[in-house]
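Heads up, the chain below is alone and in the form predicted alone; it's given as structure tokens.
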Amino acid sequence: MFYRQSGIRHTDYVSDSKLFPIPADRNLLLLILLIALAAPFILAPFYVNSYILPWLIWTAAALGLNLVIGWAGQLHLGYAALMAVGAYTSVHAARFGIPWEGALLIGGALSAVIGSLFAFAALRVKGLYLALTTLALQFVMDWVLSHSPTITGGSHASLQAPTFRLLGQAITSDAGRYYVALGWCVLVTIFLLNLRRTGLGRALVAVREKDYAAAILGVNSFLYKIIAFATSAFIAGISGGILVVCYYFLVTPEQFTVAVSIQLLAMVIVGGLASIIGTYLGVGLILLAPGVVNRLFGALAGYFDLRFSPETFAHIPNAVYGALIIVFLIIEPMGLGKIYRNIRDYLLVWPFDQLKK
């Protein structure tokens, strides 16, 4: 009974293009935001630091990837490389004495410059060919990080991040780092929520559907592909820097390998292309579900007194987790975001949908 459109009348274009035409959507978002703000006070520090904090940071990064894949329709398998550029750049800038606010922006700007190079590849190739091109650039970045001691200190070295400060105040508490990650995730979410209502968002969708048809209509596909790749890379760079200073506290080449790019792609696909709520759900499933499945399987094995070898016990939960992802995609190929929309659409007309049966 919460989702209702009765009494909602769109009499002009402004009311029809509101961010939340249905009040229940706005109220649900405010409730979730209040819970997020209160999380450090109502949850144990272990859950906040080990689950919610990385979830927020990786969600911000996945939203940036969804911008270029879901909105612009360009396959990208080198996203972790852009996060690495932002992470190393921001840490080096902070070590040179630049305030962290500027260091993160510099990291994001350099990632945007490098990410724009992917757009030039997108002008020549499409689909799987573009995916292979971006994957090749990921391998190039992995090689550069592994063979550039000046940047990384060596292939197996770690670069310690300086003390994180914002507005001159040292952010050393768990709650402080959590709120920084929450603030960045909220900013990216607000940006993408408003993007779909702008001319830029509509142009990106036109390029995604058919760039030739968009060009005939006057949409400069070259320009908008560059904007999509650069904006996505900027989000990746800042997310990489925040991931280091708020969660890892040091940066190594192993943190941003090709496996991380594949994992981010899985988050976007499982969550749903061009779906913001789906990205949150997809990141939660890919990032948090393995631990939940492991604990649940361990509890069931103990309850039923099942005996497995340590190797089998280590791999069965991963197999169950993989099967869970396959089941979700079989049920709804458009991702978890589409499942959420289906439930929401059902609630819009319930119980009056029973009258037609």
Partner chain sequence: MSATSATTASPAQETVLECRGIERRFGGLVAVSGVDMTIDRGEIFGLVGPNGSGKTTLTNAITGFYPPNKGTIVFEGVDITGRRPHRIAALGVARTFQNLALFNGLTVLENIMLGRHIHMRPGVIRTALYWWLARPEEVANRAFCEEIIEFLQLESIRHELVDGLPIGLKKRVELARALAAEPRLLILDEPMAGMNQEEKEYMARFILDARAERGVSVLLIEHHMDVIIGICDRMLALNYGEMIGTGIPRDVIRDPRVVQAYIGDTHAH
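Everything numeric here is computed off the predicted structure, so don't read it as measured data. Positions refer to the first chain, counted from 1.
Another form, the form predicted together with its partner chain, is not on view; read the next lines as being about it.
- Residue heavy atoms within 4.5 Å of its partner chain in the predicted complex occur in exactly one stretch of 90 to 98, 125 to 133, 210 to 218, 165 to 173, and that stretch is 210 to 218.
- In the predicted complex, residue 194 approaches its partner chain with a heavy atom inside 4.5 Å.
- In the predicted complex, its partner chain lies within 4.5 Å of some heavy atom of residue 224.
- By the criterion of a heavy atom within 4.5 Å, residue 147 is excluded from the residues contacting its partner chain in the predicted complex.
- Its partner chain is not drawn, but in the predicted complex it has no heavy atom within 4.5 Å of residue 185.
- A heavy atom within 4.5 Å of its partner chain in the predicted complex is found for exactly one of 151, 205, 180, 75: 205.
- The candidate site formed by 66, 286 and 318 is entirely out of contact with its partner chain in the predicted complex, as no residue has a non-hydrogen atom within 4.5 angstroms of it.
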